[in-house]
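Listed next as structure tokens is one chain, alone, in the form predicted alone.
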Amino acid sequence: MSLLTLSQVTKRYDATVALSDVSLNVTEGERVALLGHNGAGKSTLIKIVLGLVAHDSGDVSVVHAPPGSLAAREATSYLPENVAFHPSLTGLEQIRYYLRLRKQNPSGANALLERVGLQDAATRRIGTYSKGMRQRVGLAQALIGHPQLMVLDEPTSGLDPVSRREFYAILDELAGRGTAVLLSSHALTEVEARTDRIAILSRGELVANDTLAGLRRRAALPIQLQIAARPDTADKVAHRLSGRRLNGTRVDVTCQHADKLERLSEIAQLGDLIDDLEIVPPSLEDLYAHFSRGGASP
């Protein structure tokens, strides 16, 4: 079931086309990463989904309701990149305030703060919090009311590696319960392993929209085979495979996706000459650069 649907959405600011015929959906329990350079149209798309700006043409449905409607707002939570809270309030007071705004019982504030790892700082003033701690407060407010759709803009900004892992664990749990997640991020190495589908905007157009595996097939970028040869056989292995020797025993071989099995068979035939093998597919950074430069369309 699609909880967010954009169909041929266009938005202009005077002579500037911010979005051009963008079609995108996020289904129940799906985590979709929205990628794009500054000015690609990500912020405009998010504002349209939240009902903050109106689109010029096309159709948008947010949890089966118009964006900005009461039904859409009640079912959607949002976490901006730069959260701002009153510095004189404690974390507990701030979340209690948000609970009241959402017509929820303020007694649930402690559980929310504990869930994001702020239980020990709950009674401290937010003005004493680090940026990462303030981001956790933002995540706590985004969890209020069991949202059906979460819209997250650079949500791990300011978080340390442990906090980032905990953040994505929470997202995994929410997605497992059916929450749809639209996550805008520049942290490509993070979203590569923690999202189900990747949508790439470039100059207002949706230039890619697929799973990571699907994007790799579509882009058809070379695959790296990193071979660990035995110390006295590296030159022979490099010659037999027409590869490049690196760092004493490492031999690198580049091949196309369609040739991967044939090349692996050639490597297997070398038998005892080989210690180990690692297959390195194109990274999300490689794919992002490819599609942003005008690679194959979705």
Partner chain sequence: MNRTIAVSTSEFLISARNRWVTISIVMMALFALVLSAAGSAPTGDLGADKLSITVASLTSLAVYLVPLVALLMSFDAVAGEIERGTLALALAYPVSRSEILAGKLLAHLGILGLAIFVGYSIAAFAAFALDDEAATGLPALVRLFWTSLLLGAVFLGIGYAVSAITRRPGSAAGVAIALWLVLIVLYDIGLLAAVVADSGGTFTQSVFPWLLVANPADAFRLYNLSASEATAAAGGIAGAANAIPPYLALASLVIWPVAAFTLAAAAFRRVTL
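What you are looking at is a predicted structure, and each value in this text was computed from that prediction instead of being measured. Numbering follows the first chain given and starts at 1.
If you look for the form predicted in complex with its partner chain, you will not find it shown, but the lines that follow are about it.
For the three marked residues, 117, 156 and 168, no heavy atom of any sits within 4.5 Å of its partner chain in the predicted bound form. The closest non-hydrogen atom of residue 103 lies within 4.5 Å of its partner chain in the predicted bound form.
The closest heavy atom approach of residue 135 to its partner chain in the predicted bound form falls outside 4.5 Å. Taking the partner from elsewhere, residue 141 is found to have a heavy atom lying within 4.5 Å of its partner chain in the predicted bound form. Using a 4.5 Å cutoff between non-hydrogen atoms, residue 78 counts as a contact of its partner chain in the predicted bound form.
Checked against its partner chain in the predicted bound form, the residues 186, 164, 73, 203 give one hit for a heavy atom within 4.5 Å, which is 73. Proximity to its partner chain in the predicted bound form, defined as a heavy atom within 4.5 Å, holds among 50, 65, 267, 255 only for 50. Only one segment in the set 91-99, 156-164, 194-202, 217-225 has residues whose heavy atoms sit within 4.5 Å of its partner chain in the predicted bound form; it is 91-99.
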